[in-house]
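One chain follows as structure tokens, the form predicted on its own.
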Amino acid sequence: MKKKLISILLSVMVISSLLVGCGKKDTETSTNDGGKKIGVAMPTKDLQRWNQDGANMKKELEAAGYQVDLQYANNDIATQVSQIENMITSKVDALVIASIDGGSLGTVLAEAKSANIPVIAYDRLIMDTDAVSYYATFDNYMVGTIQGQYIVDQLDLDNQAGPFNIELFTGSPDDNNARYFFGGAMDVLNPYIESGKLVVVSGQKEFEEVATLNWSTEEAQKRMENLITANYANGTKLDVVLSSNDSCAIGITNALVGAGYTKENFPILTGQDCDITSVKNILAGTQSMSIFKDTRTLATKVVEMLTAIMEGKEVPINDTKTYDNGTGIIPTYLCEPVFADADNYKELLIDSGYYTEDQVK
């Protein structure tokens, strides 16, 4: 009887051991079934474009079999640093980061490098750290040149004598992209400013004078209101406003409408991102155009880059000369932007499924 009892106990122990082993294996399989884990750090939910970028990244990555830790930092640098630290601690396999301040992540990304976690800078170049593996963005200089050329074409500057009055707005001074946007536009516009065909009535032409902290709609509105009061309240005509993106353009539109400008005398006004509000303004005649950067395209390319990294294959890039973050050239993939206006918005934005007609009406 004693031998039989011992035999039963031994059998139970063996079965229990097997069950524990199976349980452990199932847990690992479940984790692996979810794929490698990617940390995605976005700057804020306050701007529509970052909501779309984050959602597209999550959708594309999960469709490719990755687990995704997507975090938004409410435009607070300390919050973004903390979120990235937590991602590193949780042992993500790679980081995709759209930085709030491109120069503020060096310390936390040194931790990522020590942990052998590759980093892709997403749409905003991260500066002064050798932890950045790759950069994925749209051609930011081209964004500016398209905006500048749109102004040239709309005013027919090569054939008209002018002068035409212009004011200039660009983005946040801590966003490296703003300098590319502004630089591209000014490379197109400066010859006409120097010849006198374009006149910056306020005299504010330097990047530091026309930058808008955090790309703030409210700050852009305040500055436009001040420019109108100081330079255009006496009936001087404002013909065009260069705005590097839509969040600034919306503030500019608010100020102009508040000052009595209507569709009939509204200045040419550029933008970027095709935010829904700006598309509505384009259709209403209170914004002229917006650069369309299809975030679905960028998300798809980032997934391709991550998969190549994870599999040890050659990472797709198409620029190895342009983007120096202070520690050297960062291998980059550039997507090509286009512009949307009242003539082509339907083809670009509606027919492509980016928006529905109801969203922009």
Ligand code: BGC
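Note that the structure is a prediction, hence the values are computed from the model and not measured. Heads up: residue numbers just count along the shown sequence, starting at 1.
Only in words, not in the display: the form predicted together with ligand BGC, which the text now covers.
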Q. What is the one choice in Leu306, Ala41, Leu47, Leu61 with a heavy atom within 4.5 Å of ligand BGC in the model of the complex?
A. Leu47
Q: Tell me whether Asp123, Phe181 and Asp273, taken together, all sit within 4.5 Å of ligand BGC in the model of the complex, counting heavy atoms only.
A: yes
**Q.** Proximity to ligand BGC in the model of the complex (heavy atom, within 4.5 Å), stretch among 173-181, 198-206, 151-159, 85-93
**A.** 173-181
Q.
Does any part of Asn245 reach within 4.5 Å of ligand BGC in the model of the complex? Heavy atoms only, please.
A. yes
Q. Quick one: does Trp215 come within 4.5 Å of ligand BGC in the model of the complex, counting heavy atoms only?
A. yes
Q: Let me know which residues along 324-361 have a heavy atom within 4.5 Å of ligand BGC in the model of the complex, or say none if there are none.
A: none
